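Quick heads-up: it's one chain on its own, the form predicted alone, in structure tokens.
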């Protein structure tokens, strides 16, 4: 890294402009760390810009206390360094954070914290990416977008919610059901977060009313003593996707029963196919279903309106409620800061579908947007590092051979 030389024309750089020898990576979550590690293995330096004050900020600041990985640890490892052998099959939130910290330390990854990217844009005259934070402008040939699918909470527009007398919190701010002890809590959303928060509330003597707005697939976390996800991945090597989906649903109906009867209607599309097409993850049951069957978790239809002291529902029911928890998920924030680029949709996802969405044009890359969890992240990180390294070596050879360059941005420090 080095300071940019001052220019006198209209491309003049700011005094606090920094040239980066390798790629700029935006985001110090698992995606950014994995890509940085893979680049290091290839001999390519990189710089991670992170808006928060720590790595894996989503995990450290926006997850509830009882969270565990939904998949076995072998499906959640990042490239080049696995989980410690003494970790359980499903590591806890705190174990996963410690793994991330050890990973960063092992590969000597030192992000620049509290650097919120305000804009990133390709300069067609210079042929470089210009990435601006509140403190500085960074310049590089390569930009790697690693902010992922879950950068910002989704806050739905619900009629009357601004009139509600009680607290309204997104699951990104939820820590424990102890804060809601003995309360009637409306949980809006029935994905993995909605189910687990409802279960946690039950264990603290709260009464959760879980709103099921859409259809949802619920699968057992394990089948025959093995991870459901692991079984599905193994079967997909030999059988068509729709046949595997039929098998999963057959076993789920046998072990869990007909979820339609308790207000959890299944989509017509199978769980794996639906995940691949829409990104909607099936719920892996860790105990919430039994609480629904016993009546401790109340399943409610869509909310028609929030009132001062409760909620009116689409089926005509009305309930008094003490608190509301929005288990409404997250979204990408890429459109708010990546400028002049049509590689992403308006929702902040790559337009090119998996498995080819990791590479754009002019040195742009994306990691963590596969809708396939940490396995997709690991796959993208390896591909990106190999591709960047190939260009890196070409440029290095060219410099060693004294090739002419139309712009010299970087100087040795």
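Numbering follows the first chain given and starts at 1. Being a predicted model, the structure only gives us computed values, none of them experimental.
This next part talks about the form predicted in complex with a small molecule, which is not shown.
**Student:** Does residue 323 make contact with the small molecule in the predicted complex, using a 4.5 Å heavy atom cut-off?
**Tutor:** No, residue 323 is distant from the partner.
**Student:** Test of understanding: in the predicted complex, would residue 306 fall inside 4.5 Å of the small molecule by heavy atoms?
**Tutor:** No.
**Student:** So, in the predicted complex, is residue 70 in contact with the small molecule at a 4.5 angstroms heavy atom limit?
**Tutor:** Result yes; residue 70 sits at the interface with the small molecule in the predicted complex.
**Student:** Closest heavy atom of residue 177 to the small molecule in the predicted complex, within 4.5 Å or not?
**Tutor:** So residue 177 does not count as contacting the small molecule.
**Student:** All three of 19, 122 and 143 touching the small molecule in the predicted complex at 4.5 Å, heavy atom to heavy atom?
**Tutor:** Not a single residue of the candidate spot has a heavy atom within 4.5 Å of the small molecule in the predicted complex.
**Student:** Among 184, 130, 298, 275, which has at least one heavy atom within 4.5 Å of the small molecule in the predicted complex?
**Tutor:** Of the candidates 184, 130, 298, 275, 275 is the one lying within 4.5 Å of the small molecule in the predicted complex.
**Student:** Which pick from 227, 291, 281, 95 sits with a heavy atom within 4.5 Å of the small molecule in the predicted complex?
**Tutor:** By the 4.5 Å heavy-atom cutoff, the listed residue in contact is 281.
**Student:** Name the stretch, out of 367 to 375, 38 to 46, 346 to 354, 381 to 389, where some heavy atom lies within 4.5 Å of the small molecule in the predicted complex.
**Tutor:** Going by heavy atoms within 4.5 Å, the stretch is 367 to 375.
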